[in-house]
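As a starting point, one isolated chain is supplied in structure tokens, in the form predicted alone.
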């Protein structure tokens, strides 16, 4: 089986993660990369021994050798690059969110539906952890009981100080929401994946904790230290949220709440979700992703370590023996491999990865959350 030829647009933090995952995939290889920063693009090309380096996304998309585009650019470029890729008959994998607005994502969904031979994917990689996929199936088989409640959080601290800066703070680049779109979207996708149902109504409160920040006069890398080493700044007014709390109702009757923050000291990538059923409670934390907690009323609680020998449904997503932790990079690889196999195996419609349809739906959830915070009322999600 010939490997798919991949073109990556955008070489920031997540772009390098994509390169690493593709280099470990048996189904694909990086054939070209693209970034507007020529020096950065050239260095990446040499470092990773990538044969083609572009500086304009039009050029990489029009390259006849490239079969799949990975869109790792800032949010404001997602719509145009995704649209152009589909028009050039490229399969497309896009970082979340799929677009800046639900109007953009709806348009992309319609374009993709008109070309059913082209596969689309949104990189909601957290759903591709082995234990998430295993318990998704166990939930479907009613092994855990009837779900009643869902709750959790996603906390980070990389924007704790007023000198912390990223393009994600700029609404003209990132969109009208930041924390909800950046990490809340992942939490919503995991909740819907595990429960096999969609969020239908939300009540939200969004808060800008640091309304004025100091923007560096020179470019800084996402997640880099904010230590003041003589850096010069200009004052920057922030219009997007640092924190959000969201109550939700799901189509199957499950209700719940989650809260998210990018200004909570000590929390790096602290994603947690818990589901309460009529039989037990089940909880999973991304920072301890090889374990799940099960709580009972009439017997001792349990901690289950990821063990391929005890998996019933998700063996294709776990690759190491128990006790050898699998993490973020492995979930990314699982997502890519599932996407690539859907391209390489004709007629394969059993997809565990998020498609453009899922990406549009989550964007509609984000819109409803923002509208709810603005109007201080429950808002129905309209796909």
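Since this is a predicted model, take the numbers as computed values, not measurements. Residue numbers count along the first chain shown, from 1.
What comes next is about the form predicted together with a small molecule, which is not displayed.
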**Complete:** Partner contact check in the predicted complex: of 273 to 281, 309 to 317, 118 to 126, 295 to 303, the stretch with a heavy atom within 4.5 Å of the small molecule is 118 to 126
**Message:** Quick one: 79, 110 and 357 and the small molecule in the predicted complex, is every residue within 4.5 Å by at least one heavy atom?
**Reply:** no
**Option touching the small molecule, based on a heavy atom within 4.5 Å in the predicted complex, out of 9, 22, 369, 363** = 9
**Asked** Of the options 75, 102, 133, 179, which one has a non-hydrogen atom that comes within 4.5 Å of the small molecule in the predicted complex?
**Response** 75
**Message:** Using a 4.5 angstroms cut-off on non-hydrogen atoms, would residue 95 count as touching the small molecule in the predicted complex?
**Reply:** yes
**Prompt:** Would residue 27 count as touching the small molecule in the predicted complex under a 4.5 Å heavy atom rule?
**Reply:** no
**Request:** Indicate whether residue 168 is a 4.5 Å heavy atom neighbour of the small molecule in the predicted complex.
**Result:** yes
**Prompt:** Taking heavy atoms only, is residue 328 within 4.5 angstroms of the small molecule in the predicted complex?
**Reply:** yes
